[in-house]
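Below you will find one chain, with nothing else, as structure tokens; this is the form predicted on its own, and questions on how it binds or moves follow later.
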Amino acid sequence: MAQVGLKEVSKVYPGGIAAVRNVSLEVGDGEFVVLVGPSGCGKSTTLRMIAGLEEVTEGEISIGGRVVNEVPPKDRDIAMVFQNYALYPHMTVYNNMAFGLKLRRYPKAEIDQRVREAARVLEIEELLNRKPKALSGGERQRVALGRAIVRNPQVFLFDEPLSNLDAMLRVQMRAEIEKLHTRLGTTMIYVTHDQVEAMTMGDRIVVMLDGVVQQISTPSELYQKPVNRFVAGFIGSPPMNFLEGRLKSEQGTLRFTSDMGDVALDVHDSHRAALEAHAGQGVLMGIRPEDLLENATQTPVPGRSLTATVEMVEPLGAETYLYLSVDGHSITGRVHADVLPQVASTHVIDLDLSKAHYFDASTGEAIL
């Protein structure tokens, strides 16, 4: 096990294309850190620089306190699990798992012991004599994990390892990797574009956009206190709703008014002190879908309610997603499964404004 450090790491390709810009990150010994962001954000490039598969243009990478910028991948004491499994098709599962140890000239008895122990941990003992073509996608992924485990590395690196699996198998393998981390206690760095994977697996999450780190936080803090509009909109499913408007101070009340003038909502008392300095300025108000609540009496409450038209209903068993129109604004609500309104019907929706978020309209940075 080891700490991993990145100090102002950048990657610039020929032609001046900056894939990663000044990334600084400290991954603790035994920590599970997830890099997440949309395609092209630089997360996989960052992982490949840690692995030594990409050269660092600027900055410093350390593993276990040792600077590894010039150290070849095979000498970094890391193991990487790839998206496409990268198994040798002509070898059995046993030989795929043993191959790296054989190259390093480990004693035959130790190789056998490591392979069989990893197979036991991953529950693939009965697969050891099969070849990859005889395995399902989930079984191949377990073999790829096993090949990494037998190395007993200081750090595990995962590059979107579940993206080729179907939805149910992804959930299952996600749990298996989490259990594996608990059992081994090894430092793990995991790359994914799936924010649900990131939220459920990571001790901390690194959100990236255009090669730049946007926020590094625990899943809970990332969800409750996003630092900017991008993070707020990227983390959460369905994503946060946004309304463009201004803060106005009227007769002792601080109020958010949409640009179209058709939505007026009172700022919650707990937010007033932080927002009063922004009165008269353009802001984005964000509200999570679960913070839209059906008004039991269908009687609007001034400053807290919206009248919405139902455009689409998605029953999901345990909950229902409502796609609503409010005077030209499209918003999404996540409500109890029993709430199944008719399409085109009109409903009064209350907002839990104590959980609203506010962002500067020009910079996108969080105000609260």
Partner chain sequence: MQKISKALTYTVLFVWLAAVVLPIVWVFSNSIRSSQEIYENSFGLPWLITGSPYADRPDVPTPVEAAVGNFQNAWTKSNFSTFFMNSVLVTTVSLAGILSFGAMAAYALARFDFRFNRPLYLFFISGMMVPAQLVLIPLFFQFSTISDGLTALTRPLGYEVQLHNSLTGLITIYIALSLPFTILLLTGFFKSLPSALRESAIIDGASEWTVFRQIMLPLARPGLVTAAIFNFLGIWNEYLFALVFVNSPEKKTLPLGLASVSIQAQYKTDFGLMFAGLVIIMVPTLLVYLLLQRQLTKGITVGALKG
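Residue numbers count along the first chain shown, from 1. Keep in mind the model is a prediction, meaning the values are calculated, not measured.
Absent from the display: the form predicted together with its partner chain. The rest refers to it.
- In the predicted bound form, Tyr223 stays away from its partner chain, with no heavy atom inside 4.5 Å.
- Under a 4.5 angstroms non-hydrogen atom cutoff, its partner chain in the predicted bound form has Ala51 among its neighbouring residues.
- Using a 4.5 angstroms threshold between heavy atoms, Pro89 counts as touching its partner chain in the predicted bound form.
- Using a 4.5 angstroms threshold between heavy atoms, Pro239 stays clear of its partner chain in the predicted bound form.
- Partner proximity in the predicted bound form, defined as non-hydrogen atoms within 4.5 angstroms of its partner chain, places exactly one of 70-78, 109-117, 239-247, 268-276 at the interface: 70-78.
- In terms of contact with its partner chain in the predicted bound form, the residue from Arg151, His193, Arg130, Arg255 that brings a heavy atom within 4.5 Å is Arg151.
- This chain lacks the partner; the member of Thr218, Asn84, Gln298, Gln281 within 4.5 angstroms of its partner chain in the predicted bound form by a non-hydrogen atom is Asn84.
- Residues of 90-104 lying near its partner chain in the predicted bound form, listed in sequence order, are His90, Met91, Phe99, Gly100, Leu103, Arg104, the criterion being any heavy atom within 4.5 Å.
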